[in-house]
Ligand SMILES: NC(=O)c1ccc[n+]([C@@H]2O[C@H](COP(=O)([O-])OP(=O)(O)OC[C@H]3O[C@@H](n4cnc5c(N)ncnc54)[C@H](O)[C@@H]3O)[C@@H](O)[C@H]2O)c1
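The chain below stands alone, shown as structure tokens; this is the form predicted alone.
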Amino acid sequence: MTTNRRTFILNSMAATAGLGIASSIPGGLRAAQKMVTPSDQINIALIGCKNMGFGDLKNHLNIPGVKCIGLCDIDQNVLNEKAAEILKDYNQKPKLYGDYRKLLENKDLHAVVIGTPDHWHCLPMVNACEAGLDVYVEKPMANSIEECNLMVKAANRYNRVVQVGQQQRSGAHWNKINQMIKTGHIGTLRKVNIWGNFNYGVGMPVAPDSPVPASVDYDMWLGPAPLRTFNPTRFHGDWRMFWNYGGGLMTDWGVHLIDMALWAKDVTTPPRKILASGANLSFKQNAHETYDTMSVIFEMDDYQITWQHTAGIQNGPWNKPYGMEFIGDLGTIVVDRSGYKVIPQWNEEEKKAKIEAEESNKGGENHQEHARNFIDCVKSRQKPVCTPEIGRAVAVAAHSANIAVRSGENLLLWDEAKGKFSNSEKANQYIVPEYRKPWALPKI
């Protein structure tokens, strides 16, 4: 389907889509799917089928007119399990692939969802754009700064709709507090405090290397990452705590929440100054390379963002394991995915609160809304709420914090015009990853 033809056909679906026919109940969804003619159908595929990727796929399949025609994973057992679930819940039978490059050859595809580990985000995304496909890619956008740069270039060069999976941008209560801040409800925003404390951030208990499971193409799983023995503590679900595949809590929860801090002032470029301290101070019996304890200050042009995490615990400020404080002259907004609270500053002279207190528990995870926004933009060819530029800005911020500690520099100055740190060649060595042959960084 060409872009022009797709635009014409899919725009004709807007009225049906706008009725909100999609249901999380598969039976209701099947009835809605019958209303969509084959020519109006959006065909998608999933690359990386375990955990978050499969959840993303289901959110897309809950939208009338969306059909899964392909699943790709390096674990045959995962492929078979997820294919059976798609058949049972959605009455769809996608083709199964072990190599994403074969999947991208399917001429019936319109879009792909990328739910792989972070080190496998860049290549499939760029290749999908080259193939004329739209892309929903999980966050962080990539596992390195240069990969993020290449993904932005690919989306723009090939004029694709690309949604980064920072789904809070689609959340109603996040949008509401964002407008409060922008309209001056809490006065001048001066500081944003962010925290994220989670048990899983210390990884799994140390285990010996083991044979590669028979169902797994481990060489393909490693892909561009360095050759390394197989170990269950850095595979399914646990890879995030190892530098070759992820960036720990900093690039996992950090990306979600720092994104909200940048959005508060519509910042779409990385912070210019990063001060970070981190270490592995506990859980020596667990397998992880990323830091279990970390504090970061991002200095912006006219406000400050702080991040802190203490992995291995499940509590923090305001008795919340994670959350944010938007601190203004008139009041503070405390927020997480469950809702928000506006806490007024006290006017000592007038003996009253400077603004009205407010509280709401109407939050949500917002994955479904984010998928809907992506599909709507595939139809309209408009920009989604979380563009690659937005995804890059927050990913570079998170990577910069990790790089500050890994390089031993602690204080880094980011030069956006030159795309590197102006005060540390040692830190600059972390910007461009070295791909394992025969894989190579894409050229845009």
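Just so we're clear, the structure is a prediction, and the values are computed from it rather than from any experiment. Residue numbers here begin at 1 and follow the sequence given.
One more form of this protein should be noted, the form predicted together with this ligand, which is absent from this view; the next part is about it.
Q | Location of this ligand contact in the predicted bound form, chosen stretch of 338-346, 262-270, 277-285, 110-118 [non-hydrogen atom, 4.5 Å] | A | Going by heavy atoms within 4.5 Å, the stretch is 110-118.
(Q) Checking a candidate spot here: are Gly70, Pro94 and Asp134 all in contact with this ligand in the predicted bound form (at least one heavy atom each within 4.5 Å)? (A) Judged in the predicted bound form, none of Gly70, Pro94 and Asp134 sits within 4.5 Å of this ligand.
Q. If you check Gly237, Pro208, Pro226, Gly184 against this ligand in the predicted bound form, which one has a heavy atom within 4.5 Å?
A. Looking at the other structure, the residue within range turns out to be Gly237.
Q: Could you tell me which one of Ile47, Val396, Ile375, Ile44 places a heavy atom within 4.5 Å of this ligand in the predicted bound form?
A: Selected residue: Ile47.
(Q) Please determine whether Gly203 contacts this ligand in the predicted bound form, using a 4.5 Å cut-off between heavy atoms. (A) Although this ligand is absent here, Gly203 would stay clear of it in the predicted bound form, with no heavy atoms inside 4.5 Å.
Q.
Given that this ligand is not shown alongside this chain, does Arg160 nevertheless sit within 4.5 Å of it in the predicted bound form, heavy atom to heavy atom?
A. It does not: once this ligand is placed as it appears in the predicted bound form, Arg160 has no heavy atom within 4.5 Å of it.
Q: Verify the contact flag for Trp195: yes if a non-hydrogen atom of it lies within 4.5 Å of a non-hydrogen atom of this ligand in the predicted bound form, no if not.
A: Close contact is absent here: in the predicted bound form, Trp195 is far from this ligand, nothing within 4.5 Å, heavy atoms only.
Q | Residue contact check: Gly328 to this ligand in the predicted bound form, 4.5 Å heavy atom | A | No, Gly328 sits far enough from this ligand in the predicted bound form that none of its heavy atoms falls within 4.5 Å.
**Q.** Contact set, 71-96 vs this ligand in the predicted bound form - heavy atom within 4.5 angstroms
**A.** If the 4.5 Å heavy-atom criterion is applied to this ligand in the predicted bound form, 71-96 yields Cys72, Asp73, Ile74, Asp75, Val78.
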